[in-house]
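Look below for two forms of one protein chain, each set out as structure tokens: first structure 1, then structure 2.
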Structure 1
């Protein structure tokens, strides 16, 4: 649908929030707890914060939980009965306060989970999730969304995007039918579009390279020593994968308790030393340099080739969270210069 633009007064934002809550939807929004800000279930706008560049964790857990049951089973003398996941238990959820980089991450996730077959559980979660984005008014040195196809005011991935204007009111851009449904909860709050330009209220993020440049150089220098050099600091903790909006690696495990049990999937990382180890004991990526190369190649080469989408949105979380101070932006700039 064509993007529709409106003005929503600052004082009307809490009213809209209350209308969404009254509709029965679960709302998850950024909440500040001591020194971190993360998404959590909330009951009012007063519980949320807008004083953040990005949340510590991405919003992906709304559609790809850290631990998720796939099905259950019950053993009896007649055999094993499988119990399918009850899709009706997945709630209608509104993600409020999602930054454009996070919103852009849902497209790569969808491409991965529905690449060859439809992942019904993931697709149901995504279908029942509405993304209310808020454009970025500030950025830091780890942000590089403009280098990977995004920008601080991008509408990609959001159903409704708010941009804060100079007087404190908001430009509301309705992007999808889900966004339209949010507007329908309180149409009187959406007034004629403001004349103020959106761009003047956005953070400035300098473009350092293009994702196409990274793809070309990474493929050209596949056997370069740069991967080993960049990975020397890496301690294989997996933090970068767990905070990333687009990382979708998972392990599958069975948990049994007597005659009952379940199969679950849990987050995993290609940076872990056992991620590709074979039953024979052979590991085709036995060094951290090879595992680091796989991470970059997957996001900038394999995904665009296979799923026609890149696997990095430039949020900078991996660099901020890394305990060994590995900086993805710096590493990508080094690759471009090869």
Structure 2
């Protein structure tokens, strides 16, 4: 559908929020907790904050939870009974306050889970998730969305995008049918489009390179020592993968108590030394340099080649969260200059 533009007054926002809540949907929105801001289930707009560049964790756990039960089991004398995942338990969720970079992250996630056979658990979660984006009025030195195809006001991935105007009111852009459904909950709050330009209310994020340049250079310098050098600081903690909106590597494990239990899917990371280790002890990606190269290659070369989508949205979380102060943006800039 073509994007529809409206004005939503500052005072109307909490009414809209309450209407969504009243419709029975779960709302997850950014909430301040001590020093960090993260998505949490909330009951009213008062509980949320709009004072954040990005949340510490991305919004991906709404569709790809850190731990997800795949099916349950009950063991008995005669064997075992499997209890299938009950898709009806997946709630209709509205993710409120998603930044455009995070909204753009759902497409690569979907590509990973559905590029070949359909992952019905993921797909159902995604189908029941509505993304209400909020454009960025500020950015920091880790942000690089404009270098990877995004921008601080991008509508890509959002169902509805709000941009705060100079007087505190909002420009509302309805992008999808799901966004339209949100509007339908309180159509009277959506007034005639404002005349103020959207762009003047957006953060400036300088473009440093293009994804295509990274792809070409990373492939060309696959055998270079640059990976080893860049990974020297890496302590293999996996934080970058856990905060990343598009990282989807997972492990499958069983956990149970006595006769009952479940098979679960849990977040994993290509940065962990055991990730690829064979039973024999042989490890195809034995060194951290190789694992770092895999991370960059996966996002900038393998994903575009296999799933026609890049795996980085430039949110900068990995750089902000890294305990060893590795900075993806700096490393990518170095790769481009090779």
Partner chain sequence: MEEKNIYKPYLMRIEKITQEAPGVKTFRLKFDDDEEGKNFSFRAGQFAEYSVIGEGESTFCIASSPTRFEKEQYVECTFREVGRVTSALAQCEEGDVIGFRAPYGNTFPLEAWKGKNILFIAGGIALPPMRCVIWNVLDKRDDFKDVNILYGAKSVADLVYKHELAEWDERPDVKLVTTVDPGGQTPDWKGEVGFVPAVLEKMAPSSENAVAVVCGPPVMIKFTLPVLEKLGFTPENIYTTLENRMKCGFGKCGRCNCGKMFVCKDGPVFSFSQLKDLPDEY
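Heads up, when I say rigid core I mean the largest set of C-alphas that superpose within 1.5 Å between the two forms. Residue numbers count along the first chain shown, from 1. Just so we're clear, the structure is a prediction, and the values are computed from it rather than from any experiment.
- Structure 1 is taken from the form predicted on its own, while structure 2 is not.
- For residue 198, the Cα coordinates differ by under 2 angstroms between structure 1 and structure 2 after the core has been superposed.
- Shown in the overlay between structure 1 and structure 2, fitted on the rigid core, is a CA shift at residue 166 smaller than 2 Å.
- When the rigid core is held fixed, the Cα atom of residue 78 travels 2 angstroms or more between structure 1 and structure 2.
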